[in-house]
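Take a look at this single chain in structure tokens; it is the form predicted alone.
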Amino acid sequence: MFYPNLIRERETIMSEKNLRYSLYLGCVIPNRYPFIEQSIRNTFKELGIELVDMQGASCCPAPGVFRGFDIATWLVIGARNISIAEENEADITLGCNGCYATLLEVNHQLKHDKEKRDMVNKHLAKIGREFKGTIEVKHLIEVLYYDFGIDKLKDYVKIKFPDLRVGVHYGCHIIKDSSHRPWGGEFEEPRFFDELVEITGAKSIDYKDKLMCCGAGGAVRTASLEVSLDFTREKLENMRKVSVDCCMVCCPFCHLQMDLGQMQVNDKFKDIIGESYKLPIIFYNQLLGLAMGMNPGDLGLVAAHDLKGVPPFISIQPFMEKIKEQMV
């Protein structure tokens, strides 16, 4: 666990070297939300952060599914992905909370448990691979907040959005379990994501049950869609009550649940919600890029469309109109 003096030491060390990471995309970003990848690649490029592709990377695999049924398989597949980053000689960064949970925890367990590491390497040897334990796994929020540094990041903000009201959704796996997350003990009432939003001038608005799950995790969305959507409905209702302009996420699976799931909530619970929810769902790098003065098209902020089964499922036009008002 990090504490303030260690955080300052880490920021000093990282500011003295070039930032270079292996980019792990996972499944949902390339298959469902490629515009999230676009926003990550282009904002990091603008910041001078080098991203190296992980050739041949697979599913992480998902912590709420594989780990629940077969821990050994979960460890081996996770270790195989980590070994690709080790070949790149670059720490992993990623933009998915679930992938973060798996790869961070696999990396941690194998570094500290020789028996598990030996078991994993016995299987990896069959395909000419080995887990060495030479890299770290970092969420892109961690990279921006600590490695690049939030104070340095402020210097890149050219446009501010003081009238933008944001409902920040952390998601589960980015903050818990807390034993080897980097947030300095901030896991019951975290502020790091809110702080990153607020450097854009936007206001992070508190709302009831802010740290509640989106409803998708732990295979709940697959096993019991209605239960899953009821979580989403409650989050949407709590954000609607405080009149936010968008929901800000840092995970594509949360994005999927709040975007596609929102459309499903409007259908499944139409008799009890009153007016349909129309809350734009925005990935953090998209807001950051706008504040840096980047073109919306370079951030995957796509125009409204009538295509079936193509995200975003909930129009982002109200968000874009709010942003344009403040860019004039």
Partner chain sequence: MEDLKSDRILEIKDDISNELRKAGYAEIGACIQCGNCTAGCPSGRRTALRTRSIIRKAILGLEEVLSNKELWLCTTCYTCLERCPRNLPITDMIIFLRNLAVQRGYILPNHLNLCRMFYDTGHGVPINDEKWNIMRESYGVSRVPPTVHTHPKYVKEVQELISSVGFDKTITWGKYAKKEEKAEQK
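Not measured: the values here are computed from a predicted model. Between two forms, the rigid core is defined as the largest C-alpha subset superposing within 1.5 Å. Positions refer to the first chain, counted from 1.
Only in words, not in the display: the form predicted in complex with the partner chain, which the text now covers.
For the options 48, 274, 68, 293, the residue carrying a heavy atom within 4.5 angstroms of the partner chain in the model of the complex is 68.
The contact residue chosen from 241, 112, 126, 158 relative to the partner chain in the model of the complex is 126, the criterion being a non-hydrogen atom within 4.5 angstroms.
None of 139-147, 223-231, 241-249, 199-207 except one has non-hydrogen atoms within 4.5 angstroms of the partner chain in the model of the complex; the exception is 223-231. No member of the trio 190, 322 and 327 reaches the partner chain in the model of the complex with any non-hydrogen atom inside 4.5 Å. Taking non-hydrogen atoms only, residue 152 never approaches the partner chain to within 4.5 angstroms in the model of the complex. Proximity of residue 314 to the partner chain in the model of the complex falls outside the 4.5 Å heavy atom cutoff.
At a distance threshold of 4.5 angstroms between non-hydrogen atoms, residue 217 is in contact with the partner chain in the model of the complex. Put simply, residue 267 is far from the partner chain in the model of the complex: not one heavy atom of it is within 4.5 Å. Residues 54, 55, 56, 57, 58, 59, 61, 63, 64, 65, 66, 67, 68, 69, 70, 71, 72, 73, 76, 77 are the members of 54-77 with a non-hydrogen atom no more than 4.5 angstroms from the partner chain in the model of the complex. The Cα shift for residue 303 between the shown form and the other one, taken after rigid core superposition, is 2 angstroms or larger. Cα-Cα spacing of residue 303 to residue 30 is reduced in the model of the complex versus the present form (difference of at least 3 Å). Note: the CA-CA distance for residue 304 and residue 44 contracts in the model of the complex relative to this form, by 3 angstroms or more.
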